[in-house]
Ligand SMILES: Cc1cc2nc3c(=O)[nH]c(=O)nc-3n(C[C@H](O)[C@H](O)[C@H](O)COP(=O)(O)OP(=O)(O)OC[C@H]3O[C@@H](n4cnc5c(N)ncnc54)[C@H](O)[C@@H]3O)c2cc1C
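Form predicted alone, single chain, as structure tokens, below.
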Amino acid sequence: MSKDSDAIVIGAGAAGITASIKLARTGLAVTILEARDRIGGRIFTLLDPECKAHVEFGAEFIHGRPLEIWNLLNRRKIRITEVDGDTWCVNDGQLGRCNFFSEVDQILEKMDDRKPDQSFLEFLEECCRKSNLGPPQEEAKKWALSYVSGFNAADPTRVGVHWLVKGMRAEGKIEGQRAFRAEHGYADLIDIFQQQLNDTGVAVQKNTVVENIQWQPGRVQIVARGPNGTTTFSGSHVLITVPLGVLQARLDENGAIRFVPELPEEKQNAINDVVMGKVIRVTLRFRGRFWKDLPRMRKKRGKTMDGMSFLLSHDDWFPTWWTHEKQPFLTGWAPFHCAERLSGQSESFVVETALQTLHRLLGVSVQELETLFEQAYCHDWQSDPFSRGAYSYGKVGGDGMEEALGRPIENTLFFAGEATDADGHNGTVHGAIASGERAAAEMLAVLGKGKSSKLKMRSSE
């Protein structure tokens, strides 16, 4: 089989799809090589057959009002709702409303990127020494640590203050502290992407795993394994949008990509100086919203958890939980060390651990929870060979590494993906989309300098 393309894009996540559509709209013939049997990458939505509700395995919230997402949804008149409700906390085994947010904000506002970079844990120990703290401030310090490791899926001993400050500034510009959902979750965005791919004639080859990229300036040969055997793609320009974890994989690991010759030292340093965060998340469906009448031991006419949106704790397994509006679902979030303990375990172990966590946090017996439990949805992104982690963060001393990660090599190899976003939106869908737009513009600038060579594909069994 033989087919000509003007551009090849590796990876059909948000970055790869966005870039492909932009390239195709200029009249180029574009082919996407996707290892999975679906598009979307770390966006993965399924429909629960019982409740007819959309359940997310990956990205779930729209963080703030990024135009990259809002413009697409608004053009299709898709309803967007803000996540609203009460935030509950568990402190020393006591369940109650959270009251630490202002104190945590005061701590985070002390971070300064004009000083030498340091890890968040070093910053926290330096700015909040125990001798200077009362009980409320000491508790706020613990919550600040939980926030950074939870929200960013980051190791507080590795994540850099400079990177955190940059992200906070970026969030402030788009009201990033607010969370939203589309009417049908991220499935709405994937539907839009699929329609645009169809309209622009982009060819998406699924179940096609890229194994080897041989390159020299102006020439690339890609060897991929697909349903019909080995396929070789050759051409002059290729855009690589695989997750950072795939670029970091050892060559003997499933899903790894071999570059021949090896990537330049600057690119390898950038790959190693950005870190892939770890998360295990599980969504549990129950027979009903049993938490709406909790806590069972409360003051007369005390507030119940019926309006709960988030439940926060310092639990060692699933410290964060959230609800799905009025649906009987609870999602547990296990970041960093919690994810390391759960990754590679069976789904039954993850579910049992989640139920045990809810027992500790809510005071409901495990037997009752097991009676109420109906269905679990879980995906281990760390063990997934085509992601190898959740999303990226910047480590201490890693200033400028996102730019270096996204920088083209010899106007031949181009790079995109949330980890390459240089504007502080790493780890977000809108950051991935923006990186795809940036990389497509870079490739078009090069293609515009002369006639683009046709990318040719041939198959060998």
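In case it trips you up, residue 1 is the first one in the sequence shown, and so on. This is a predicted model, so every value here is computed, not measured.
The discussion below concerns the form predicted together with the ligand, not included here.
You can rule out all but one of 74-82, 209-217, 345-353, 119-127: in the predicted complex, only 209-217 has residues with a heavy atom within 4.5 Å of the ligand.
Put simply, residue 281 is close to the ligand in the predicted complex: some heavy atom of it is within 4.5 Å. Within this chain, residue 257 lines the site of the ligand in the predicted complex, having a heavy atom no more than 4.5 Å away. Residue contact check for residue 60: one or more of its heavy atoms lie within 4.5 Å of the ligand in the predicted complex. At a distance threshold of 4.5 angstroms between non-hydrogen atoms, residue 41 is in contact with the ligand in the predicted complex. Proximity of 88, 290 and 305 to the ligand in the predicted complex is absent: no residue of the three has a non-hydrogen atom within 4.5 angstroms. Only one of 329, 143, 386, 373 comes within 4.5 Å of the ligand in the predicted complex through a heavy atom, and that residue is 386. Residues of 373-395 placing a heavy atom within 4.5 Å of the ligand in the predicted complex, in sequence order: 381, 386, 390, 391.
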